[in-house]
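The form predicted alone is given below as one chain in structure tokens.
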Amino acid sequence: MKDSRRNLVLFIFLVSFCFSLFILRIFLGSVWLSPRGIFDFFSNNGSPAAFIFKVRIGRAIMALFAGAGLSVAGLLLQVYFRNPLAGPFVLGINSGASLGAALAIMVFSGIGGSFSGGIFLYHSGVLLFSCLGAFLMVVIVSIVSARVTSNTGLLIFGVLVGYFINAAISIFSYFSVPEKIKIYFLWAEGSFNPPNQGWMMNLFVAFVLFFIFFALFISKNLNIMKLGDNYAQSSGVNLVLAKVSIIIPAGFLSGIVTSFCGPIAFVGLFVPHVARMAFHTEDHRVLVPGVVVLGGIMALLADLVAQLPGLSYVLPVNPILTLVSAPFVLFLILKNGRTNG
């Protein structure tokens, strides 16, 4: 009872902190935004302040849902593989999505404005290819994990896959025009910039929300699956259906976020562990909403730092997330190694 009350208080605090960061992200940046900009925005005033407000609120929404989506994907992958080092970036799933997105960018980017509906075809192609790349990597990693029982071995496989895909993309770039290469490398740096078309951001939010609620819906099965296949079968769970219901949302969330924001590093691995330490539980009915809020907080903080408030510089998101997360990942590897030993 005490733990439930404590977790509820902690969750309310985290939601409040996340909301405060969201508001702070709108006002802070390379240019200070006064409350007048908000008035101009809601009054449909075409002033520069109204435009800045529109861009920043879109960027804050993208950061919030990207962080939440990747965190839920990481939590699902850790249950599916029963591996504490599992995550979309570490296992190479983001790399697979990146390869799909790179192919789509190099194929479809030239037709974005060439005819009516070209922009829709371009964005749809990037989204579809990115999700297909993510799912292909999920299948490959699933096959490998059946043979490689070591957590560290699976991690090394993910790193090697990342290098292999980066090499493949580098080769593809030699057969592409410079404009398309520039589009890809700007995308690959990682960014929470909102799409130019409002319907695309609405689609992104709708997809992420759907799979978050789906993860909440299957949270009871996640608790059972974490205890092993034998226990799940003895509990009356359809093993095939349960595994499919875990891996499909994980693949979709990884592919969708990567297609819109680029290959965001380590969030899916880092946040679930922070949630377990913060809430002192393995109950996914608590962990799923916990990682949603903590993922949003982490992404908003990274985006706030990337904007360097008061300065004219804007940093890519990935280096910031890597600097924060990489030491923690190293700690997990060393801890896991001691445990296995």
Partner chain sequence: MDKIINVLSTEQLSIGYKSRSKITEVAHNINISLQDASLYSVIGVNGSGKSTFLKTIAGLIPTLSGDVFCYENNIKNMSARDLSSLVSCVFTGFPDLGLMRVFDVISLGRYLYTGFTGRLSVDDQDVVNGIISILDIEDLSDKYFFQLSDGQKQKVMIGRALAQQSKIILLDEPTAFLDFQNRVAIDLLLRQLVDNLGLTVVVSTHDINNALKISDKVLLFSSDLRVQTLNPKKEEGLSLIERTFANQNIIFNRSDTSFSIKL
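The shown structure was predicted, so the numbers you read here are calculated from the model rather than taken from an experiment. Residue numbers count along the first chain shown, from 1.
Just so you know, the form predicted in complex with the partner chain exists too; it's not on screen, but the next bit is about it.
- When the partner chain is considered in the predicted bound form, Arg147 lines it closely, a heavy atom lying within 4.5 Å.
- Put simply, Arg285 is close to the partner chain in the predicted bound form: some heavy atom of it is within 4.5 Å.
- Using a 4.5 Å cutoff between non-hydrogen atoms, Asn196 does not count as a contact of the partner chain in the predicted bound form.
- For the chain shown alone, Arg276 is a contact residue for the partner chain in the predicted bound form, at least one non-hydrogen atom being within 4.5 angstroms.
- Heavy atoms within 4.5 Å of the partner chain in the predicted bound form map, among the stretches 161 to 169, 187 to 195, 234 to 242, 200 to 208, onto 234 to 242 alone.
- Of the residues given (Ile248, Val177, Leu227, Leu136), Leu227 alone sits with a heavy atom within 4.5 Å of the partner chain in the predicted bound form.
- Along 194 to 229, a non-hydrogen atom within 4.5 Å of the partner chain in the predicted bound form is carried by Phe217, Lys220, Asn221, Asn223, Ile224, Lys226, Leu227, in order along the sequence.
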